[in-house]
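Only one chain is shown below, in structure tokens, and it's the form predicted alone.
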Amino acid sequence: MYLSADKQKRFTPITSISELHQQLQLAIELEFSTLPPYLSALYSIKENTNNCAYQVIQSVVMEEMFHLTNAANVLIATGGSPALNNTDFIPSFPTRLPDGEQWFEVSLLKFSPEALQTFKYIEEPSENVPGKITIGDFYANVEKGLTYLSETLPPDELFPANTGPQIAHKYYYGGGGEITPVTDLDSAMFAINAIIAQGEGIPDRCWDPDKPFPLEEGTGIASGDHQLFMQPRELAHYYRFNELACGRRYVCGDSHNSGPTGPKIPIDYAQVYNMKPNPNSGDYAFAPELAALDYEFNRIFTLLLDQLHNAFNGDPELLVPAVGTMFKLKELAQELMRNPIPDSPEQYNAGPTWQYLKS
């Protein structure tokens, strides 16, 4: 991806292995920092309602884990060690994203037009916001650093032998993309490019080039596109969220400028739990049952981060029980969201606070 000169000035050049490791660790934190906002909106959707929106957000969540895994594999391949199980890994919301995007703030919100606008900011294509940093720009700087180091260091120094095990594709399910081993510059660039293309797309195209679909004869619609969101991989993340924001699907021939012109998407914002924006533990100071439930959520969330940390640091098999941990998190989050906060003047419901608990 091309990084303009004015945006390049906003980044510190990567000129050493240690600087590369710092930026790749930041990439892991960046990818994970999107999950609490996306999952809060996802879990706020009432059961058996807004099925299209639920599938779209869920697909993006799965692919953010793909992005996190790609960044972690590049870090491991270059001799680094991902760090996921500490209090600094999780931001306090509202927050700015850790890659330097200062032009918007990310909050924990119920599924709503406001949440979708934030999600679009997160996934904004770089060319749409000249002068503003995006996730794509951040990864372009990582790519530039990888290229520089490949030209100045011996291959076995940039990609040393006997590093820890990477996460293999067999541990990843759902969403688009395929995890491939990182062994050299080409495979590292492939992994980073997959993150950029799947998130914001590529210039002048809405479609994620990961897996193109042929046109159905006589329809002008990509094969599988008529199945409402059953093939969400076709669209980059920004455009999936824009479909929900506009209430229409993209069809072949649509562009960024045209917006989606296809069939309407049924969305009912009334079928959403009224979760308090950016819930915090203080909200439950006079509600011991909610406080206990939030503590249990955070205990399970802490377990998940411990499992992920250990999986990325030598024990990939721990990703198997981590799937079950995620389902438990969903159950606890939805239980919180079904309960009103006592004496809340806005009649808000509770929500998870997404905290890593110190041992």
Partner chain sequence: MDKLADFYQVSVVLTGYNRSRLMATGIGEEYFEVLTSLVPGKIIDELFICSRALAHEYKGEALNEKFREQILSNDRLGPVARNILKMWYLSLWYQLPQSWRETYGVPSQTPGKYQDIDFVISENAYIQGLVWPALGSHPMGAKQPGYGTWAFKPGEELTRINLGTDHPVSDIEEGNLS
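Positions refer to the first chain, counted from 1. These numbers come from a predicted model, not from an experiment.
The next section is about a form of this same protein that is not shown, the form predicted in complex with its partner chain.
S.K.: Heavy atoms within 4.5 Å of its partner chain in the predicted bound form: does residue 130 have any?
M.R.: Result no; residue 130 lies far from its partner chain in the predicted bound form.
S.K.: Would you please decide whether residue 186 lies within 4.5 angstroms of its partner chain in the predicted bound form, comparing each non-hydrogen atom pair?
M.R.: Looking in the predicted bound form, residue contacts with its partner chain do not include residue 186, since no heavy atom lies within 4.5 Å.
S.K.: In the predicted bound form, is there a heavy atom of its partner chain that lies within 4.5 Å of any heavy atom of residue 9, even though the partner is absent here?
M.R.: Residue-level check for residue 9: no, no contact with its partner chain.
S.K.: Does any heavy atom of residue 19 come within 4.5 Å of a heavy atom of its partner chain in the predicted bound form?
M.R.: Residue-level check for residue 19: no, no contact with its partner chain.
S.K.: Let me know which residues along 296 to 325 have a heavy atom within 4.5 Å of its partner chain in the predicted bound form, or say none if there are none.
M.R.: Going through 296 to 325 in order - heavy atoms within 4.5 Å of its partner chain in the predicted bound form - the hits are 296, 299, 300, 302, 303, 306, 307, 310, 318, 320, 321, 323, 324.
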